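Below sits a lone chain in structure tokens, taken as the form predicted on its own.
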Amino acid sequence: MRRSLLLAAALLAGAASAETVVKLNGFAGADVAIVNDLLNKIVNPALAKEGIKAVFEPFQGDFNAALTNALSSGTAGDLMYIDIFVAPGFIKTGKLLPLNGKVNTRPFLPTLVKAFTDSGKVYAVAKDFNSLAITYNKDLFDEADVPYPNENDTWSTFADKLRKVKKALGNDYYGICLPADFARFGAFAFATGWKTFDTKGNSNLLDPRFKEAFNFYTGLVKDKTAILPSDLSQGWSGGCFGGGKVAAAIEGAWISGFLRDNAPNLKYGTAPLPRNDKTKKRGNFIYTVGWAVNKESKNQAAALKVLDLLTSEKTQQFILTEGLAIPSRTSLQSNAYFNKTTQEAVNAKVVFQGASDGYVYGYSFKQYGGDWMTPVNAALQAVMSGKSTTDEALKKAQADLNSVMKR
């Protein structure tokens, strides 16, 4: 009897030690419940027979700083979030495992794969993403008797609609809320064919194409068709829009959740960003976070299986139908959810399509990070507040940016 018990205990101990625990590092906050839900419902049941268990270990506070420290000290998880905004810096550390030949990236949107590619090597798989779209207040357009923004709009027709709404509704209302931020303005610069970096890695803010977009964007504020979020005591254009005094905003799918919670009675529609009048193209940003594998992980094979499940069609279907994010797989573009007529589903469909329509670039600025945007944002603010002319502001921005890029 005693021998049998010892044998059973030994077997149990052996089974426990055979389990491979894959640790995942990600954001704290709302992501904790989402990721744990995915692990409990999809990932861990699928890998139980293989003795693999995934555990989510979020970093509190500044995620990127915490991840940097964890990678340096050798305490990082086997899998981790990598934000496109900081991906170039993390890739250059050499701490991320190249995924070529280990993960099939063909099912994913090409722009998302490119966002995590450096020198031909892929370092992360986008778990979901966002792009930008026009969100418009149906009641305000109806009251002004102006057609809604639509997929055929150019910059000219879109601006004309906004001006007509403003004129019809009076001084308490505005056509659109525009922040002095490259995170929104950049999409218009891209639509002209301008690129953040040329083939030599330089940035030219004095390019006529950049200036064309700059004048269009700031011009809407200068003629009072648009208003800055701060002028309505808001921190972002979604906050302006939710207040009901602004006819349109440029945001991603995240605005749906905000409006559902903060302006549940607001009737809104979604349209693609307007096309540039000359190029006939739209511009757009990709905002995304990918799953990357720790190059020093001792559980790489298991981590790759977890990554595969976390970015699987089943997982992304769950995320999409729960209204959490936009899937990164092209196969889900024809998903039945996108055929629904709810304002949230329509918004999600337009944002999904925005990732592959026109000149689309990742929200990333090489090793310069957010410092790259600072001179541009200052120029936008200076002109939109009437403190500088376009030529003066862009000349100063170029000089300041040159200094940033020489550091």
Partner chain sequence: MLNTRVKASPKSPEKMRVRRDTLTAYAFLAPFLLTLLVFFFYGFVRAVYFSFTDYDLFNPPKFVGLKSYINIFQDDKFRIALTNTLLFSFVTTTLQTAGALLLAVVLNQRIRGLMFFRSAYYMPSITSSVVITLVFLWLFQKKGIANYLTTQFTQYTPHIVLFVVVLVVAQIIQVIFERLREAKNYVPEHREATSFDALARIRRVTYVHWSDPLLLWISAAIGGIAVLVASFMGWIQPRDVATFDFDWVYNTDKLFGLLPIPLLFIILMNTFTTIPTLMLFFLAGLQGIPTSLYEAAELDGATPGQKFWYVTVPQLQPVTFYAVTISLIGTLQMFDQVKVIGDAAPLDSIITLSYYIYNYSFRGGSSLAGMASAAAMILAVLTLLVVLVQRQFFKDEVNR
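Bear in mind the structure is a predicted one, so any value in this text is a computation, not a measurement. Residue numbers count along the first chain shown, from 1.
Another form exists, predicted in complex with the partner chain; not displayed. Remarks below refer to it.
Contact check for K102: every heavy atom lies farther than 4.5 Å from the partner chain in the predicted bound form. With a 4.5 Å cutoff on heavy atoms, A378 counts as touching the partner chain in the predicted bound form. Proximity of D142 to the partner chain in the predicted bound form falls outside the 4.5 Å heavy atom cutoff. Although the partner is absent from this view, N339 stays clear of the partner chain in the predicted bound form, with no non-hydrogen atom inside 4.5 angstroms.
Remark: none of the three candidate residues (T196, S203 and Q333) comes within 4.5 Å of the partner chain in the predicted bound form, counting heavy atoms only. For the residues A30, A48, V55, A65, the 4.5 Å heavy atom test against the partner chain in the predicted bound form is passed only by A65. Of the residues S72, N262, N215, N152, just one reaches the partner chain in the predicted bound form with a heavy atom at 4.5 Å or closer; this is S72. For the partner chain in the predicted bound form, the listed stretch (120 to 128, 215 to 223, 81 to 89, 286 to 294) containing residues with heavy atoms inside 4.5 Å is 81 to 89. Along 363 to 395, a non-hydrogen atom within 4.5 Å of the partner chain in the predicted bound form is carried by Q367, D371, T374, N377, A378, Q381, K387, in order along the sequence.
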